[in-house]
Each structure stands twice: as C-alpha cells, then as structure tokens.
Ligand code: 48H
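Take a look at this one chain, the form predicted on its own, written out in structure tokens.
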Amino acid sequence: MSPFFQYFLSSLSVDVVIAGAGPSGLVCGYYLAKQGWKVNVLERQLRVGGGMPGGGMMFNRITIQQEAKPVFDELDINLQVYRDGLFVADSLETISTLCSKTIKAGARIFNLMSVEDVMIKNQQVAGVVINWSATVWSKLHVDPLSMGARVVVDATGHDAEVCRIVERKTGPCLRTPSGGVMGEKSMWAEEGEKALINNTIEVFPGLVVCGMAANAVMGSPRMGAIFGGMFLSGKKAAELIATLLKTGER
C-alpha cells in the first residue's frame, strides 16, 4: 500500500486533471503527458475505455475515418481498409494500446475514482473534488479530498458531468448559446462527427470539454460506432490546453 499512497499523494497537485478515461480522455492525456505536463486521468469504473470496448451493439470492431488515421498510426494500432476513406480497428486492441501508451507517456490513471465536485477560485476551475467510486455508489457520507489542477477536462461522455456541476454551482456561465449544458440531440453520426471538433473548447475558464461530452454541452447530435472524432477531439483538447499552459493563461 505504501507505494500507492506515495504515488497518490504526489498526484494531488498537477497541471491537468481529466475526468473520464474513454478514448477522448486518454488521447488528451497521452498528448499532454508526451509534452511533459503532469496529468491525472480519473476513471470512476473498474476499467478504462468508456464505450469503446463494446463497439456498436457489442460488435468489438470500430470504424474510424481517414482524418483520424495519423493518430492511430502514431499509436501503432492496426487498421484494416474498409471503404471510402474508412478503416476498421479491433476495439480491444485500440483501447488497451491507447491505455498503455498513455501511461508510458507519463500520465497517471486512477480507476475507481469519481469526480463529485469542482473547485472554483476567482471565477476559474482550479481542480476537482474526488472520492472512491464505491463510496459514491454506496451513498456513504464520507468527506472527499481535493485535487488541484491548472486545467480540468470534462471527458465524461454523454452526461457531461463536470460541466453540469459547474453550471449548477455558477449558474448559466458556460460558453454555450444558453450559458448552460445544451443537451445532446438524437443520433446523426455524420453531423455529430463534424460538430465534435468545433465543440472541443474551453467552455469555462480552466475547464475544457472533449469527446461525447463536447457534443452534449453544445447541443449537437450523438455519434454512432465511428470513433475517429473521439481521437481527434482528444488531440485538439490537448493542443488547446498546452497553449493555455504555455502562455500562462491557466
């Protein structure tokens, strides 16, 4: 236990905390850690990967578009040509390789750890409030701990949980048309993929949103079992965050 607690204690103040270890959160963590930033990825479930391991309807093959191929090539994930600029990958190889590469790049992944609140200081997100997932699921009254960060990433998927917490605590102050979480529209994979990259933004000072959470926050359609946009969104989020950190804006 001692090695874990030393590891954990040294992770309580970092550059970036990413809530959610699905594909977009892991890609974001990979690219940031690769640049030398101190990154924690928090996953409330026992396993990482979000919905990727199940593919579509538990068919564990996923489709990606041409634009995302360079990311897969960098990660050394095998692709098979499908048709018309589309490729197929094994979902389990994809997520296990991505997880391994993210850890080897230097990111720290904590599974079974939930984000139950955020810290906001001077009108800027300054970290998250964490607890063991088992404590949250059991609805036990156990005080949490805090984890400081210069930037927090909401990669929690459809529910956009971190953004909803910020909206609840600050009112309609998000950088969306309504000021709040707009809500995910019904499935339209092609349009959802197109919108996803534009929706990957700093939605509140110190809070960046990526992946499915980005479409949910901005009111865009959900996607199907096409996962390329998730990788591209995670990469864009990392580029945005690196700029914020380097310029001292966060």
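Predicted, not measured: the structure shown is a model, and the values here were computed from it. Counting begins at 1, following the sequence as shown.
The form predicted in complex with the named molecule exists for this protein as well; it is not shown, and the discussion that follows is about that form.
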{"item": "Sole residue of Ile120, Cys99, Ile77, Met113 within 4.5 Å of the named molecule in the predicted complex, by heavy atom", "value": "Met113"}
{"item": "Contact test in the predicted complex: Ala155 vs the named molecule, heavy atoms, 4.5 Å", "value": "yes"}
{"item": "Close approach of Arg44 to the named molecule in the predicted complex, 4.5 Å, heavy atom", "value": "yes"}
{"item": "Distance check, Cys28 to the named molecule in the predicted complex, heavy atom within 4.5 Å", "value": "no"}
{"item": "Gly49, heavy atom within 4.5 angstroms of the named molecule in the predicted complex", "value": "yes"}
{"item": "Option from 31 to 39, 64 to 72, 210 to 218, 197 to 205 whose residues, in the predicted complex, bring a heavy atom within 4.5 Å of the named molecule", "value": "210 to 218"}
{"item": "Partner contacts in the predicted complex for 214 to 237 (non-hydrogen atom within 4.5 angstroms of the named molecule)", "value": "Arg222, Met223, Gly224, Ile226, Phe227, Met230"}
